[in-house]
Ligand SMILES: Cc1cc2nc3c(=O)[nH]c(=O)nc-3n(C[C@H](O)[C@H](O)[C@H](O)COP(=O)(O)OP(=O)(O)OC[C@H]3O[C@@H](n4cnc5c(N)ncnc54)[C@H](O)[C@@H]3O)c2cc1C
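The chain that follows stands alone, in the form predicted on its own, written as structure tokens.
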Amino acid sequence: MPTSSGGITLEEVCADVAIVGGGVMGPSVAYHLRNLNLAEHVVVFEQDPLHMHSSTGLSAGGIRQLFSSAANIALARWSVGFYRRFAELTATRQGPGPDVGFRENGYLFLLDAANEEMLSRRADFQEAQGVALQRLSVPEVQKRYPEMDVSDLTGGIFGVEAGFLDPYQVMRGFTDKARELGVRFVPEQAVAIETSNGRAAAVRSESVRVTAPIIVDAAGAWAGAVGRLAGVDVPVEPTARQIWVFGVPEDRFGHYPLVVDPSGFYFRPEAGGRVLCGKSFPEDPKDFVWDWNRDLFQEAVWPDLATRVPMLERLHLESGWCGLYEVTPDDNAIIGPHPDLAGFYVIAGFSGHGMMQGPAAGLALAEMIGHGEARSVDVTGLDARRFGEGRLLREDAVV
């Protein structure tokens, strides 16, 4: 039955779960809730319906398992298996789900005298967790990737079951399949969250009010703001990250993995013989900004890039963009119920790792909602309570 709020007639909807956020996380949770029959009526509010500013749409698309915590490795490993079968698992009556273009070219962390001990120790831990990796000598790096100057390197750590994909197609596949499973998507921003007797009660947008006993904050870089709508603290802040795309004189990089240089930049092959490159800086704005910075690339990235790959002195910078990391105090995600509001769940703060972990993270939260615990993936330590209790779970492998 319609109701009126401030002179505006609202459509009233009853649901089992209301999700705020339509990037990869919200649709992933919705998909798993319905696919596993853990909730019947699910509604997703799309904060950015055109995905012009969402972290998912602006992601570099890297997929790896080379993390420093067991929870992140488990999330990434399960997600790799899902991505390999993505078209099958998200198939609708119209046919297979989208081809996400998952290219398992691998992930390569280059070693030098400064980072070798730390990365080698991390590799020991990763192997103990079952991660498939290779420890490359300098000659092996040179043989595989002859365009690189390896004179200052001591080796490399190569993640085997890794690579990159198309984030937009991932989001589309989850959304299309969730719709077929009965999930409703509201293409409007949530403007209010109502509570009653210490519990989450409803989400309201400009024209729709959804009452639900479970509300999920899957709003990415906006997760902190959505938490404030509910009157709770969700310690997630936006941080701007730059990506640049350039053409090269010869298409010689198609077989390359995503390469992480000791100086901090990374690059990987892109469609059409292009190369995608990015780098994080301490002074990156912690704000909602999307200004692409050509000068930053030319002054602070290109010199190091051309030193590592001399032929890239002749690259042609074509385009770029600025997206947002959703960062928590320990660079790790929050997955689970919020300790200060019953019925309010959080799946946010992935600090650049959301695309790598989206399928498994959505499953974990869906199981928490439906079963009271994550049964398929061990996400121990990623609960929201850890911040108030001072038991941060640091993630060292942030690019």
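Note that residue numbering follows the sequence shown and begins at 1. Given the structure is predicted, the values throughout are model-derived calculations rather than measurements.
This protein has a second form, the form predicted together with this ligand, left out of what is shown; the following refers to that one.
Asks: For the chain seen here without its partner, which of 334 to 342, 364 to 372, 34 to 42, 347 to 355 has a heavy atom within 4.5 Å of this ligand in the predicted complex?
Replies: So the stretch in question is 347 to 355.
Asks: Under a 4.5 angstroms heavy atom criterion, identify the one residue in L111, V226, L108, A178 near this ligand in the predicted complex.
Replies: Flagged contact: V226.
Asks: Given that this ligand is left out here, which of P257, G159, P238, G323 has a heavy atom within 4.5 Å of it in the predicted complex?
Replies: Partner contact (heavy atom, 4.5 Å) among the options: G323.
Asks: Counting only non-hydrogen atoms and a 4.5 Å threshold, tell me whether T90, F174 and P359 all contact this ligand in the predicted complex.
Replies: Checking in the predicted complex: none of T90, F174 and P359 is within 4.5 Å of this ligand.
Asks: Residue-level contact is defined here as any heavy atom of the residue lying within 4.5 Å of this ligand in the predicted complex; does F253 satisfy this criterion?
Replies: Close contact is absent here: in the predicted complex, F253 is far from this ligand, nothing within 4.5 Å, heavy atoms only.
Asks: Classify V301 as contacting or not contacting this ligand in the predicted complex by the rule of any non-hydrogen atom within 4.5 angstroms, answering yes or no.
Replies: Residue-level check for V301: no, no contact with this ligand.
Asks: Residue-level contact is defined here as any heavy atom of the residue lying within 4.5 Å of this ligand in the predicted complex; does Q129 satisfy this criterion?
Replies: Output for Q129 is no: heavy atoms all beyond 4.5 Å of this ligand.
Asks: Indicate whether D48 is a 4.5 Å heavy atom neighbour of this ligand in the predicted complex.
Replies: Residue-level check for D48: yes, a contact with this ligand.
Asks: Going by this ligand in the predicted complex, which residues of 36 to 63 come within 4.5 Å of it through any heavy atom?
Replies: Contacting residues: F45, E46, Q47, D48, H51, S54, S55, T56, L58, S59, A60, G61, G62.
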